[in-house]
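Presented as structure tokens, the chain that follows is alone, the form predicted on its own.
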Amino acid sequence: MSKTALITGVRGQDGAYLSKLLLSKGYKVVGTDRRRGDQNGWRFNYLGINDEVDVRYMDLLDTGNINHMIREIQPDEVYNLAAQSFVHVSFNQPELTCNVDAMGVVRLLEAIRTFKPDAKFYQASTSEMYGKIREKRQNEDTPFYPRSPYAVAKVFSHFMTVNYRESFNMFTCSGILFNHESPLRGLEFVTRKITYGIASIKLGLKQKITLGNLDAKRDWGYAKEYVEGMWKMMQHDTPGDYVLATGKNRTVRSFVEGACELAEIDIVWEGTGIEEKGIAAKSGKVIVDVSPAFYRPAEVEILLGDASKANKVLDWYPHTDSNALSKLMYSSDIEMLKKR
């Protein structure tokens, strides 16, 4: 008999890739979304699974809605990928962020404990929880120091997941995923903003892109590989928490340079801080500038993950470095823009 998986936030990047993976393994996939309609159905179309996922309406703010969904579907595995996931927005909407990202997880865990206690539960934790880092490389034992309402809410939900595991003997696990990107990333996220923006400049559809902190360093991996890690966590004999990361990082500025190289644009930098600009050497035009609007009130300057535990216990390894990832995303964006 095939397993049934419930994926919250199913129409996002990770939800789409995870759906495709689980479908390939014979699962029945039920996905939930807080929005009615099909605003983000393009990801399913991109992966060719548009008619294979049973999408339902569910909101993590609504206890009755969640209870009904768990009671009706009786899932074998629940992957909680739903969140108010924009760090910058969380400073403007801290209450909503905490209600969804923190209390929403409690509502979901309680529904599972009440109506399907043998279901396995995956919580999407995040490297943002490390914030003002305490160690050069962050692993499962590194203390958290969150620097945004989003990260604070995620720390709460992370420890609630641990608490339900230890208090009620439930199979609950958290994936502490470092930044993971793909052609399915939303345009509001910096890597896709860069690859899509540089592709648009290359095709003459745009003059420049505006970014925030160019010096921020992140550990960027490929989302398609990271959802395999999620699934492996849920198949292990015992539940636990795992960091998924590449163990390498680069600055936002370097990611821009990589995309420009793919576009055959020679970029040179002038100025510092918010006055810094990226200039196309051949034309002399500014193609990248910086705005304080994209800086966070409390910046996270550097993140670098240590996935040794996942390597050893789950036999999970990333295979796509940030250069290959940039090429994958840029190539997809060029092709997408040419079809417009």
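Bear in mind that the values here come from a model prediction, so they are computed numbers and not experimental data. Residue positions are given as counts along the sequence shown, with the first one as 1.
Keep in mind the form predicted in complex with a small molecule is missing from the figure; the text below concerns it.
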| item | value |
| --- | --- |
| G12, heavy atom within 4.5 angstroms of the small molecule in the model of the complex | yes |
| Distance check, N139 to the small molecule in the model of the complex, heavy atom within 4.5 Å | no |
| Contact of V100 with the small molecule in the model of the complex (heavy atom, 4.5 Å) | yes |
| The small molecule contact in the model of the complex: K28, any heavy atom under 4.5 Å | no |
| Selected contact from V53, A307, V288, L60, since only one has a non-hydrogen atom within 4.5 angstroms of the small molecule in the model of the complex | L60 |
| Of Y130, F178, F121, Y196, the one that lies within 4.5 Å of the small molecule in the model of the complex (heavy atoms) | F178 |
| All of N67, V106 and H158 with a heavy atom within 4.5 Å of the small molecule in the model of the complex | no |
| Among 266 to 274, 71 to 79, 200 to 208, 179 to 187, the region lying within 4.5 Å of the small molecule in the model of the complex by heavy atom distance | 179 to 187 |
